[in-house]
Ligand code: HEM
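Take a look at this one chain, the form predicted alone, written out in structure tokens.
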């Protein structure tokens, strides 16, 4: 591992020119940086000057920061050399009990276990299953967006973007309607715990985790008594290597699916509208030609990845882009950097809804490609189709408020005004 000064602090982005910052001053771990915006000037410089960059961290031994599309692909598709299991999928090294728990969920597994456990969940996300859910999702989207007809302003995040993905994952999991809002609040506090507004005390995330654990246990009892045929039932009845999931394995899977199922699509929906408002020419094109919607969704995902990074740990001495990586080193894949790599994307800092091809990596690639990608794409297409058919003259009532997080690319609040069509 390369020596580095862990005391390095992030500069004040409001008072400096990011394009001239010394590379040693770049701090991608500072959540305040991401709260302002993704630091694309930093990523551009790292890609040019140090694409496999040793990054100090005040709360750990340091990591390699990857910002090129090809390098992210290389690490994502070589689980034998870059492991999710060894150190977990997140930047910080968890305590042993926390690491043991994340290893029970597919996000913290390597092959062959990963493929076996992923296969259980994958059955709920087949094209056939998603198509069956599609009509109900379209109706729910119309219902939620239709409520906007009663006013001329709303918080798009709370009133629209948060509700639809929570409905989708709850339908798949068999969560009763009365329990869904509370589960949303708990999952939000659990994953967005860097933000003091979402998780005001160090205990907030832990308390949310305990409550979700308890709820999952109750769900298991109900499902065993009266199987519903939901994904929860599938998890409880599934066998891996001739055995069923333990109670803690089931509970962790339930928690993971509830969090992952609503967090990323809510984020993509919020950023999608904000990005289109920031690019009125592209919004006008989309309104004029709805056939551009699938490409618009892909470009929204490229432009604002819902997750800033994921981690792997090198299992052997290896090279990436000519840089020696030592066994045990942390490697972080920065998706905002990969998605604007000029060697892959022409005019990468131009938002263009007809961009093709568009090999954005916001859903990951390889073993850990997002299981819910097809559902997320469908949800985004339905949402923006319904939204633009229902309201027009959309504007920001106040600046959107981004999440204080270097992991989740979230928007906490986005108050909009509009006219009903």
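Every value quoted in this text rests on a predicted model; they were computed, and no experiment measured them. Numbering follows the first chain given and starts at 1.
Only in words, not in the display: the form predicted in complex with the ligand, which the text now covers.
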Just one of 287, 180, 222, 114 has a heavy atom within 4.5 angstroms of the ligand in the predicted bound form, so which one?
114
The one option of 166, 260, 235, 212 with any heavy atom within 4.5 Å of the ligand in the predicted bound form is 260
Distance check, residue 265 to the ligand in the predicted bound form, heavy atom within 4.5 Å:
yes
Indicate whether the ligand has at least one heavy atom within 4.5 Å of a heavy atom of residue 129 in the predicted bound form.
no
I'd like to check something about residue 364: if you look in the predicted bound form, is any of its heavy atoms closer than or equal to 4.5 Å to a heavy atom of the ligand?
yes
In the predicted bound form, residue 310 touching the ligand (heavy atom, 4.5 Å):
yes
Among 151-159, 298-306, 279-287, 194-202, the stretch whose residues bring a heavy atom within 4.5 Å of the ligand in the predicted bound form is 298-306
Between the ligand and 107, 371 and 375, in the predicted bound form, does every residue show a non-hydrogen atom at 4.5 Å or closer?
yes
Do any residues of 333-347 have a non-hydrogen atom within 4.5 angstroms of the ligand in the predicted bound form? If so, which ones, in sequence order?
335
